[in-house]
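Single chain ahead, written as structure tokens, the form predicted alone.
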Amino acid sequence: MTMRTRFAPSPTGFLHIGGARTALFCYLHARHSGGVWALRIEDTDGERSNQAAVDAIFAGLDWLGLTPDEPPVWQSANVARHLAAAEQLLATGRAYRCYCSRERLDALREQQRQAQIKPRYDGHCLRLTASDTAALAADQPSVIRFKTPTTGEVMWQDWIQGPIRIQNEELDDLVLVRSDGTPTYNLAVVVDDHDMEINHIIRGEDHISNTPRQIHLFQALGWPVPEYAHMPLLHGPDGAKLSKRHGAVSVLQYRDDGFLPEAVNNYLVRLGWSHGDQEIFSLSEMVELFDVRQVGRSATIFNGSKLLWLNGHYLRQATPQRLVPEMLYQLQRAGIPEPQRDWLLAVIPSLQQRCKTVVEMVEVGRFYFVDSVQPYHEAAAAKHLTAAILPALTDLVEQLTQLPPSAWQAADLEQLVRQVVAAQALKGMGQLAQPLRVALTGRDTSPSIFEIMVLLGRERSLARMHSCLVWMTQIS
């Protein structure tokens, strides 16, 4: 039998980092097993589902490179099939209609709360006579409830959590169809999983409470029960369940923050799974090595600094060609016009070795892409663009102006700066190189100043130096 698993997000919000980990684990399990990974959009909550969330799910999966093997299934398209399954359960005596009013149910819960009893439906309508039911059906709306066994237990061998047993007496009679005729989550999921031939379900451990109910439904409908693997939830460094303040934001926010999908996938796969001491995994290595049965049971801590470290690694290892689309995206977000591709390819190596995100690459290298670097960083200008250095900087600019284009190379530029430093009796290279750096970049931190001059080119470099001299003269 072909292994088939699915990722089934609800489009009521963005695809957050925990959902992305579930999608990745499903994807890897399918690829490792030679199976099929499907996507189902569980959009039956008409009030909360929205197209923006659907678009964000597709965009997030696409950015991570997690492409389903089949077109997505829309749960809302299968409502008639869900209701038919409920009718089948009614016909076989495994479900019944419940006419209890909201007032009665609220009163029942309050009585149970005061008696310190676990809230649950008391099976009142299961004990109605045929005449009672006929009378109520005439003018009272009803729901369809599953007739849960009152003895015995539900047991499954979870691929991550191990054997799990739930006593049937702990479960009440689940509502399958609401009074407005819409199916509930557990019924829809079971029908869809069966119709999609899903036989391996990987999801968060917060779904463990749903699993015994779903197993009951599979069995009552005469369908095979899938294998289950419930992953531990992600927690923040403080031990609390992961939330927005810990980094549980949209996956696309990580793209906007300058992370690479390779780094995010690598980080996610290590949240609960490991292969010895190995930290760096390509996607192909993940597919080869991943085994969902090796995922740990304990809660996993989300560590943003580890993700940042991984991203820095992938930035340093990437080819300039790989980073071009990421740079273009961030330049557009920063409102910087798109540069020529060949020039961008030349600039990227000067930035990728010293930055941890693509956003940082754009921030550090902004001077490459703008026409003017004025106004200068205030502290840098005050420290380095002083009246005392103006003669030496003027001498340097004059000599650079006379330097032929063929000599505009890093080694020649460095030699000329050293000559001016010696001629002006300066204490060291930094005394002249730092003012030159501020003149070219607007700041006193940057890649190699001679590398910058080559990349900016002779005309742009000289224009910025002359502009700086004018500025220094005006304020002196």
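For clarity, every value in this text was computed on a predicted model and none was experimentally measured. The term rigid core refers to the most C-alpha atoms you can superpose between the two forms while keeping them within 1.5 Å. Don't overthink the numbering: it's just position in the shown sequence, from 1.
Same protein, other form: the form predicted together with the RNA, not shown, and the subject of what follows.
*Asks:* Using heavy atoms and a 4.5 Å cut-off, decide whether Arg113, Val143 and Phe450 all contact the RNA in the predicted bound form.
*Replies:* All of them do, each having a heavy atom within 4.5 Å of the partner.
*Asks:* Between Pro119, Pro349, Pro72, Pro149, only one gets a heavy atom within 4.5 angstroms of the RNA in the predicted bound form; which residue is that?
*Replies:* Spelling it out, the residue with a heavy atom inside the cut-off is Pro119.
*Asks:* Have a look at Val287, Val324, Ala77, Leu233 for me and say which one sits with a heavy atom within 4.5 Å of the RNA in the predicted bound form.
*Replies:* In short, Leu233.
*Asks:* Only one of 326-334, 267-275, 373-381, 190-198 gets a heavy atom within 4.5 Å of the RNA in the predicted bound form; which is it?
*Replies:* Every other range fails; the passing one is 267-275.
*Asks:* Is Ser10 close enough to the RNA in the predicted bound form to count, meaning some heavy atom within 4.5 Å?
*Replies:* Within the cut-off, so yes.
*Asks:* Does at least one non-hydrogen atom of Ser446 fall within 4.5 angstroms of the RNA in the predicted bound form?
*Replies:* Output for Ser446 is yes: heavy atoms within 4.5 Å of the RNA.
*Asks:* Contact with the RNA in the predicted bound form for Arg48, defined as at least one heavy atom pair within 4.5 Å: yes or no?
*Replies:* Yes, Arg48 is a contact residue.
*Asks:* With the partner left out here, check for me: in the predicted bound form, does some heavy atom of Gly65 sit within 4.5 Å of the RNA?
*Replies:* Output for Gly65 is no: heavy atoms all beyond 4.5 Å of the RNA.
*Asks:* Note that the RNA is not shown here; using its position in the predicted bound form, name the residues of 391-429 with a heavy atom within 4.5 Å of it, in sequence order.
*Replies:* Heavy-atom contacts within 4.5 Å come from Arg418, Met429.
*Asks:* Can we say the CA of Cys26 moves by at least 2 Å between the shown form and the other one when the core is superposed?
*Replies:* No; that C-alpha moves by less than 2 Å between the shown form and the other one.
*Asks:* For His384, does the CA position differ by 2 Å or more between the shown form and the other one when the superposition is done on the rigid core?
*Replies:* Yes.
*Asks:* Could you check whether the CA atom of Gly236 moves 2 Å or more between the shown form and the other one, using the rigid core for the fit?
*Replies:* Moves: yes, 2 Å or greater.
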